[in-house]
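First comes one chain, alone, set out as structure tokens in the form predicted alone.
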Amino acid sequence: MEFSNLHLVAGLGFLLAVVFGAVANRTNFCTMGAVSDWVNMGLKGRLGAWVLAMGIAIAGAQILELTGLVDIGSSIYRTTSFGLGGYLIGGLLFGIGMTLGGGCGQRTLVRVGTGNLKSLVVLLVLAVSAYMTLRGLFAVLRVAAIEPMTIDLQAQGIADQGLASVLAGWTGIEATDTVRWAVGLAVAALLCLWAFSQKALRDNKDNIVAGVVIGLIIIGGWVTTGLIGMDDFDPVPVEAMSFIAPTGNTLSYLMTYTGSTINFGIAVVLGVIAGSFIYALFSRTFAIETFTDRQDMINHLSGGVLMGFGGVLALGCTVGQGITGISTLALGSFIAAISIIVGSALTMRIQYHRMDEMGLFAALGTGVADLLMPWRMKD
């Protein structure tokens, strides 16, 4: 097999993902867990780690773009096709799914590496659901019901989804490099300041390590595909870490290996599992875990379907949109990330109220009230 630029990019992506998997395992980095800590216990340490990763990734990505090193604007996040329906509906479904499935896309991969068979089942179902949404039966629903909600920003005089471009379109201010620098650095600084304002983050070294390292890994992904992988004769898509569509593509790659070609996303999926597995072996935490009962299995299966379908609609997960997409300052990425949090938090509140034998619709109404009036959740 001839070694090409594509293989170099995939190899570097795999190494970055190995570090990601090991660090996420070691620090228990998990967005679903972060939302659970916040909603159920009022703790924001792991939420702070996620936000810190966002801030660092934004700073690095904007520097790479505004200095001309990486054309981040050519990624899937900043197109003029603003898929509002996908961001909102897909984000909500993904948030529900990751709560039922015991973790988001990256956490599922990490847990597979630790020997969790429940997560292996979720991963397989997620991969099938994602691929069906990309190219299979679910794609029919996506094209018929979700894509018509797409807004053409160019028709409204907005150059792309970047916050600076949207601001320019709304206010008439020219989106100069100075404006882009100001917006990028301001958002990055605000997110980092908020993260470090949380005592639960400052008091836990693991949370700080997770936020910093994962933020840097996202930057490393942009450098790998957009700078090291830049080749006029053998180009690769400009991207960084994402785990939903690549998981579907990974399953397809494994099934059609002799007729397929590896890419950055596939290598990242495999690398996260490998990194988590290596850490689990060295830390002696590798252990087989299975379903506890029938309802546990139903929840995980449902979660896998919703994560695969919703993640493709939203163009990513808590990392793919919540950190990588947000690092491009794409408005859609912020909407998708917020929708994921809302979907997850609402599901947790419904589960909480259902424990008191409350009916489903009553639990739904009470859960919505909890989110609208968060002080109620302290009771």
Partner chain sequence: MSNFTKQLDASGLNCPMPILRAKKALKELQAGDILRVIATDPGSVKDFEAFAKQTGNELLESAEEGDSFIYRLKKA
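None of the values given here were measured: they were computed from a predicted structure. Positions refer to the first chain, counted from 1.
Keep in mind that the form predicted in complex with its partner chain is not shown, yet the notes after this line are about it.
When contacts are defined as a non-hydrogen atom within 4.5 Å, none of T67, G169 and R180 contacts its partner chain in the predicted complex. Note on contacts: among E174, D296, D152, D231, the single residue with a heavy atom within 4.5 Å of its partner chain in the predicted complex is D296. Checked against its partner chain in the predicted complex, the candidates G271, G102, G86, G162 yield a single residue with a heavy atom inside 4.5 Å, and that residue is G102. Contact check for H300: a heavy atom falls within 4.5 Å of its partner chain in the predicted complex. Contact annotation: M32 falls within 4.5 Å of its partner chain in the predicted complex, judged by heavy atom distances. Within this chain, R78 is remote from the site of its partner chain in the predicted complex, having no heavy atom within 4.5 Å.
Contact annotation for I338: none of its heavy atoms lies within 4.5 Å of its partner chain in the predicted complex. Heavy atoms within 4.5 Å of its partner chain in the predicted complex are found in one stretch of 50 to 58, 313 to 321, 326 to 334, 346 to 354, which is 346 to 354. Contacts to its partner chain in the predicted complex (heavy atom within 4.5 Å) from stretch 202 to 229: D206 only.
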